[in-house]
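Given as structure tokens, the chain that follows is alone and in the form predicted on its own.
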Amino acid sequence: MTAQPLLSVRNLRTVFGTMQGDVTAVDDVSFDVSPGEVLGIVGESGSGKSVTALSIMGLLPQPPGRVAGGEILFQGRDLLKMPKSELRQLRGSAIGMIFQEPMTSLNPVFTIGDQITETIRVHERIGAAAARTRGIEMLARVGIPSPERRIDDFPHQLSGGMRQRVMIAMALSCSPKLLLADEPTTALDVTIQAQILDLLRDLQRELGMAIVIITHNMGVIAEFADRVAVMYAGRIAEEGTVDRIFDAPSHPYTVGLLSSTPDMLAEVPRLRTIPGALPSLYELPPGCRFAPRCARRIETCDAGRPAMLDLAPGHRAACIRATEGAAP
């Protein structure tokens, strides 16, 4: 018997109100995350990855953003129908989030200790001294040296890698069952990136939590995730296990992302690129949204939205030519 998903997103649709009318940033997105699983969501900037995460957390700026349809089930309960007070309690305790830019996510006028202990005290109702002790333990756990001294530092006194570790400590301070990591290695050098990923992997195994990691880096996906969902222009283009996606990509967009990723073992004189750019949310193509950039485009691609085709157990793609295999 298949275990119930920890997180189940069904037909999620998120829109933003503008002076020109509503624009849809996330359109009919569905995926599951099992307990202890790592799901990677990958795509170009503007694909809807971060908006999906903010929709799950209930942190969309309102106005102009709002969830216009779908379900977000966490342990079988719809977060969209949950009272705001209950959702606030769930955030930080059962669901944690690492935000994209730690320098802007951390409050510059409070010490990192103040910010970590606030999270702990809100959810666990313990005293200030006990919360500070827990905060020091969490800083040590994420590899920050001299945590007894560093806990009184302000964000600007820390390096980018240290600030990211503080964000991880805050997100994990109450041992959540699910962690949403939005570009956790952005703007970090490759050595620090590797350290952060190793840290997340170790903590994930230790705590047994599920992770949704959002990135534009296919290398991060290959290194860290169990399954991957490829997003393009607000929709999922392809979904499958990491092995299937890397060994047998079926959507031309996935093929393009992989072809534009450097391979240190291959002798390729020049990386291939994906021509064009993401479509404007105000002027989306009538059929497949990737069609204007696709080398395999045929007339039928403009006729209507392509359905998700099941290619193998757990592997599906939204391309009418997916069954033909990857393009050369």
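Note that residue numbering begins at 1 and tracks the sequence as displayed. For clarity, every value in this text was computed on a predicted model and none was experimentally measured.
Separately, the form predicted together with a small molecule exists; it is not shown, and the next lines address it.
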If we test each of E37, D32, D28, E44 for a heavy atom within 4.5 Å of the small molecule in the model of the complex, the one that passes is E44
Only one of D226, E118, D153, E183 gets a heavy atom within 4.5 Å of the small molecule in the model of the complex. Which one?
E183
Do V51 and the small molecule share at least one heavy atom pair within 4.5 Å in the model of the complex?
yes
Verify the contact flag for I274: yes if a non-hydrogen atom of it lies within 4.5 Å of a non-hydrogen atom of the small molecule in the model of the complex, no if not.
no
Please tell me whether any heavy atom belonging to R91 falls inside 4.5 Å of a heavy atom of the small molecule, as the geometry stands in the model of the complex.
no
Quick one: does P64 come within 4.5 Å of the small molecule in the model of the complex, counting heavy atoms only?
yes
